[in-house]
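Given as structure tokens, the chain that follows is alone and in the form predicted on its own.
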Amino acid sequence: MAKITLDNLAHSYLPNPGGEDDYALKELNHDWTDGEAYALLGSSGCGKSTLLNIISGLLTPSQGRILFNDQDVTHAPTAERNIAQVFQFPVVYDTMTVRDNLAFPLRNRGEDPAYIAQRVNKIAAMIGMEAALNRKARGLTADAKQKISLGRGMVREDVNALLFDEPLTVIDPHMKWELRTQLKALHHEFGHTMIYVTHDQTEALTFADKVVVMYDGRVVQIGTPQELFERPAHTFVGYFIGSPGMNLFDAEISGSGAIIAGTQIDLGAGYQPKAGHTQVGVRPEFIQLATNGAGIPARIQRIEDVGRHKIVRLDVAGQQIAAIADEGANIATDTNAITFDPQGINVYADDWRVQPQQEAA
């Protein structure tokens, strides 16, 4: 296990980067705690895999350092970093049996045969491959091969970190939840430092202790699932986390009030004046519907019943927004306004969250 330190880290795939826009990974300075499970979450091309490959040693950064437990490993080869990595597509030895594939990392390190057998049986049970231990990998399906890759990554107990690069892409959907649960159980049992790259918010939020949200080569927030949901540090986090994501309203901010679509609203807290593009962010869960015109004018466009709740799609001054209502709620057809729960309001200036100055009286 290892604490992982990213010190002034950045990377460009260009030989002579001329500015920040030339960097696939913009400057990072973070300490990732020994023994925690992290998910790197973001859309394609945001820098997730670049960062993972720098941590694993497959890529040398353009600037800065990587430290494991305060030891500089920036230029150390992958083999010396004592990590296990599982890639998006399965990497297995086709001519070996499932048993020999799982045992390979341990045999390569000269472990005792009895210990190897015990670990292989335990991991095979975790990934549901007990019945196939004596089968050659060549004839197995892609998702079975990926389970072998996952198992081979998990079989060692002494690694500094386990790195997963979108490992469930080829896994059958009904197996994904089970394998995420097994990975979580492994983390709780052995306390490995785990880093899991994904573009799927469900995978990230159900797997990780802390989610590292990346956007345009930059880490925009590190937090628990609850922190990301309640207080998104960046508008991208509000948009990307949640289904539907956060609603954003252009607003004029003044103290504890704001004007949205010509209507004055109470923000529930005071804010200092901010330059730039100011917005109010409210998740669909914190929007209430009104029929008396008290609030921001809104018109219902459609209602989507998704079983657990209803998603109400509304038009607010030409902008499409979403509100969530209970499954049993009776949505009034004469709804003509929306209001906000003050506890669910966030204020943004140029996409970054503004800290409230004080609670409103």
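All values derive from a computational prediction rather than experimental measurement. Note that residue numbering begins at 1 and tracks the sequence as displayed.
The next section is about a form of this same protein that is not shown, the form predicted in complex with adenosine-5'-diphosphate.
The single contact residue among I66, C46, L314, A39, judged by any heavy atom lying within 4.5 Å of adenosine-5'-diphosphate in the predicted complex, is C46. In plain terms, the part of the chain that comes close to adenosine-5'-diphosphate in the predicted complex, with a heavy atom within 4.5 Å, is 48-56 out of 66-74, 48-56, 329-337, 292-300. In the predicted complex, A24 approaches adenosine-5'-diphosphate with a heavy atom inside 4.5 Å. When contacts are judged by a 4.5 Å heavy atom cut-off, Y13 counts as touching adenosine-5'-diphosphate in the predicted complex.
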